[in-house]
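Below you'll find only one chain, the form predicted alone, shown as structure tokens.
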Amino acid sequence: MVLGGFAGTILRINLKNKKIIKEPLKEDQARKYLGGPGLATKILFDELKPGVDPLGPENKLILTAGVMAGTLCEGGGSWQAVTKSPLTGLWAAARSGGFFGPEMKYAGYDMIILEGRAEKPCYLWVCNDLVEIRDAGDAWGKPVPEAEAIIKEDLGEYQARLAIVGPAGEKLVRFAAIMNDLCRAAGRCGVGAVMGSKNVKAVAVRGTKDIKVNDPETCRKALIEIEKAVRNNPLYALYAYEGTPAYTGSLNAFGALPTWHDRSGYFDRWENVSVEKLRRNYLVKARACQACSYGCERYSEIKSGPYRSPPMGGPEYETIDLMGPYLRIDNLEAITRASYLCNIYGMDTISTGYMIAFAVECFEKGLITLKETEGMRLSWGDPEVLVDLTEKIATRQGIGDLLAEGVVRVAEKLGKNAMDLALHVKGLEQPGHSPRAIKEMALQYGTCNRGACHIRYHWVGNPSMFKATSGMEAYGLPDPSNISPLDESKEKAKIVVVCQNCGNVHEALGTCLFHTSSPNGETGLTIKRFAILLSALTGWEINDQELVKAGERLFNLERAFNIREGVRRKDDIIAKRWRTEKLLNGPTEGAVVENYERMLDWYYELRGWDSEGVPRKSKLLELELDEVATHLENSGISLKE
């Protein structure tokens, strides 16, 4: 009997021997890890040996959609790629929206596990019970739109949904993305390079099966309640009418918009890259993922000029910042062009923009010379540098071959003081949120299991900046009314812990973060509403407290994966610039993270970890991770009681 909400089958494909296995989803495992990326993390922990080369055939790539994907739950168009990252060498998960995840479940699968490496470029065709490994033929080497058209033509199935890599993934750019629906991206941590390393161009899925529901009437009522709560959310208008580019102006007003390689939190020409300018001049339309009433994606076009770009998704806020103010660029046409290039080559816009800024500062300080750039001068505010280097990185041409390795490897190769300039945690480059202007973001960057990430689990700045709690007071979130973004108090550690635990619930269940953010528990997709819907789908009678505990369990499981790879306190320390250099101008001028180590101590204490950041045995047992504790001890890792 198929468990309600889930497709009920795990598809495992060995690319070397072409063996295809269909495994039944185990209900006890699905409940304990909530399915989706939570269960995928447990599979990785059990099946990967520590020290495995992320780009070697021993690594595994798991494409998975959570229990909410494919239902009518708001934001349920999500899917994730879970693997060991070639950028950080640690646990990685990258989420994307669109329609691929639900289609995978309609084909009958909760996850697809790719093992080994194919002898030659191929793509996978999964259509209900049919599973085939097919020659990638002319699609290999082609940009995403062209390759997708070739594969659909080869299949004769134009309704298929593809998770696909571009040339950046094939060339193992360490921050290559897996694209779907042409311009949706599982962007961070280099999951596209892992897919490219396996000689897999794409996974194409098509399904016509139903998703079973245990209690249809209660499910229907829960979905109506969720839709009403989401539409009454004050953030609905922001996402529907402006999308994420609206954050450019609001973060700049707070002095939290990383500018000039994060020397400042304020960009004086921000209006040239604002949502108003995008909407007035380049916006074609807004688009939505499956089962989403927000429709936050912007679809833009540059009709003429040197940065002419066909209609395509983007640019989103992160792209605008990292390819705009972060480089002191105020040319929105060049930013849109660079965003377009990242889409067709399949590359993370955050890490791409970051690497260009890092290169410019290294050039400014003489660490990169005209010899390395083949005569190209790298300077701040130059749109030609942005567009040219984006293409060079994606194709590994010239200096792009070096920059494609990510900031830690490049800094190590350059030597001298290059590492002092590298703004990252655990090898993942900084996104568009200043940790000196939002101090809890510093702690989030330091402790997030995939590295310097602003959004994995929950956006931690909501409580102090916007006094928005998203209904998390019931799980220990402190009253934000008197907490400033610039505070470095113990309350900040509490905010980060609660946001990470609660945020891991929606990540595992397979919905978008934006639907869970709200001023309070009255609107938005809260944990309590998740519990009611999940119970109706599965018949589990699960409550909100059990869900939050599962979120904490998953966070500690991810940490255990990283602990096994050698992560300790030293890896949770944020970049030197954030701890020692003051922001230069704007509303947060003079801000610096002064008390980071103390905040980290408080965080470890609240987590139940020791002073080196290793989960205590008692905490792992409390979270029913007994076998994880045993595995760590058998691996020679000492766990304190």
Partner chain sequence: MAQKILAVHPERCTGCEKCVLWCSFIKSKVFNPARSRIHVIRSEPYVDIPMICIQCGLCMDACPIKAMNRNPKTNAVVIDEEKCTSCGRCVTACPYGVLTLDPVTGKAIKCDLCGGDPECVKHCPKKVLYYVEPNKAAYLRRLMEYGGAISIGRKEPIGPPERL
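Residue numbers count along the first chain shown, from 1. Keep in mind it's a predicted model, so treat the numbers as computed, not measured.
Although not depicted, the form predicted in complex with its partner chain is the subject of the following passage.
Comment: its partner chain is not present in this chain, but in the predicted bound form one of 468, 238, 402, 223 has a heavy atom within 4.5 Å of it, namely 223. Contact with its partner chain in the predicted bound form, defined as a heavy atom within 4.5 Å, holds for exactly one of 294, 445, 267, 123, namely 294.
Looking at residue 476, you'd find every heavy atom of it more than 4.5 angstroms from its partner chain in the predicted bound form.
Taking the partner from elsewhere, residue 161 is found to have a heavy atom lying within 4.5 Å of its partner chain in the predicted bound form. Within 4.5 Å of any heavy atom of its partner chain in the predicted bound form lies no heavy atom of residue 385. Remark: residue 289 counts among the residues lining its partner chain in the predicted bound form, judged by a heavy atom distance of 4.5 Å or less.
Using a 4.5 Å heavy atom cutoff, none of 104, 112 and 247 lies near its partner chain in the predicted bound form. Heavy atoms within 4.5 Å of its partner chain in the predicted bound form are found in exactly one of 486 to 494, 223 to 231, 433 to 441, 248 to 256, that being 223 to 231.
Interface residues of 185 to 218, taken as those with a heavy atom within 4.5 Å of its partner chain in the predicted bound form (partner not displayed): 208, 209, 210, 211, 212, 213, 216, in sequence order.
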